[in-house]
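In structure tokens, the next block holds one chain alone, the form predicted alone.
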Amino acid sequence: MFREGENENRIPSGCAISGIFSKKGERISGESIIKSISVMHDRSNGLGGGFAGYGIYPEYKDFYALHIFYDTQAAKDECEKYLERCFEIVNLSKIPIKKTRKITNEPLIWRYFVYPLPVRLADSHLDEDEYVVRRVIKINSEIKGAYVFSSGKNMGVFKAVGFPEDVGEFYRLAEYEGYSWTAHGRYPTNTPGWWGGAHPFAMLDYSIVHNGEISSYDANRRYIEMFGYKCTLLTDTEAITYIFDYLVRRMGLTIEEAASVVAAPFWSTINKKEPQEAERLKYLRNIFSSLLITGPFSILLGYTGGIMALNDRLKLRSMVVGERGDRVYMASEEAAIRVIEPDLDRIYAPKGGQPVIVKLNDDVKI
């Protein structure tokens, strides 16, 4: 969907992604990730930009931070009544913004720090995370005009319709600090540009920024929706987020194993592995065959304590990784890394289908 007067030439490799991570857990200003993604301005068209920051809410680190868009006051009233029935709300406020002519038609944007009401949680016979997931899905699928777009602990997603550098200014991200940041500049080709459809997509602390197109979306969506997820936000990237939540949180796979599901090696590659590794990969590919993601993609997965970069098996989308000391940088273009760290110890392009996983040092507590 294009706006009148914008460039209508399709950009097959469009969209921009960028990430910064401190293995020491040092808190990095949001200004750095804005600077990085702004270098790739021409890879997006103003129909979506966004960021995810980890470690940004240390004073509320034990509570779920719900970021919610409301189309109307009536939707807000209905959603808040539901939240009060399910959660103890320890703090609520508008998310601070800076009005700008470049970001317009914004919905009501609110933030709630919550934890499940003990009686409700006990009656549900669920753990805390699954309890929150089911409430988020219910809001997004049943309360018209209310969209929970972030629901993790000590992290938050900030997104809008606009170029990413303008979105960062709109949300005053220079005032936030976190040990991990991801960013996205969107160039939608098959889905509309709207606030809920901008990246990142998140469920609990898992967040995804994505460059590419998923040709397997219908198969992926039908499978993941069998387990209670509902894809309501009109873009294929939402399904990727739910896939990782399902594989890692619910099925207990490691991040590396989950990567071996969504970007499963070709059978010819598996057959060349050592017998034990080949059997493991065959098992994952067979048991989760419907979660293989096909089509060109590069993604950054943010999660508590780590970040992962992953290309499709044929590496049809660009991805560059740079390292300097304890800092790791990931982006669609080298220029987006060099602008914030020109003197790198190492820079390389990950191979197709092989994840780059970076975690906090073992002695770091967040």
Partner chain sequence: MPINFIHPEYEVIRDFNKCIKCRVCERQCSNEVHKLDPDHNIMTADDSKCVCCHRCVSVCPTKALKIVKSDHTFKTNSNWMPETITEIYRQAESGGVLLSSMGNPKPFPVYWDKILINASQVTNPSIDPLREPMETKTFLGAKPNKIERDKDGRLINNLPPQLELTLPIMFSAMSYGSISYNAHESLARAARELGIYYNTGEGGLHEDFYQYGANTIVQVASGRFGVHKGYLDAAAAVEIKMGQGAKPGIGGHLPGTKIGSDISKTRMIPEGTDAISPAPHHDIYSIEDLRQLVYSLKEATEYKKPVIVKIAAVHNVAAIASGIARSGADIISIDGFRGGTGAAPTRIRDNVGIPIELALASVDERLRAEGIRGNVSLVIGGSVRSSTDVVKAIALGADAVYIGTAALIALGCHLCRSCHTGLCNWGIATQKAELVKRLNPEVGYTRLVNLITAWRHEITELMGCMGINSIEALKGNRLMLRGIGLNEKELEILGIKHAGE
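Numbering follows the first chain given and starts at 1. Quick caveat, the model's predicted, so the values are computed rather than measured.
The form predicted in complex with its partner chain exists for this protein as well; it is not shown, and the discussion that follows is about that form.
None of the heavy atoms of Ala122 is located within 4.5 Å of its partner chain in the predicted complex. Using a 4.5 angstroms threshold between heavy atoms, Leu314 counts as touching its partner chain in the predicted complex. A residue is said to contact a partner when one of its heavy atoms sits within 4.5 Å of a partner heavy atom; Gly295 meets this definition for its partner chain in the predicted complex.
Not displayed here, its partner chain is approached by Leu253 to within 4.5 Å at the level of heavy atoms in the predicted complex. This chain is displayed alone, yet in the predicted complex one of Ile214, Ile139, Ala160, Val132 has a heavy atom within 4.5 Å of its partner chain; that residue is Ile214. Taking a 4.5 Å heavy atom cutoff to its partner chain in the predicted complex, the contact residue among Lys76, Arg111, Arg249, Arg285 is Arg285.
By the 4.5 Å heavy atom rule, the three marked residues Tyr223, Trp267 and Gln276 all count as contacting its partner chain in the predicted complex. Residues with any non-hydrogen atom within 4.5 angstroms of its partner chain in the predicted complex fall in just one of 314-322, 22-30, 299-307, 332-340: 314-322.
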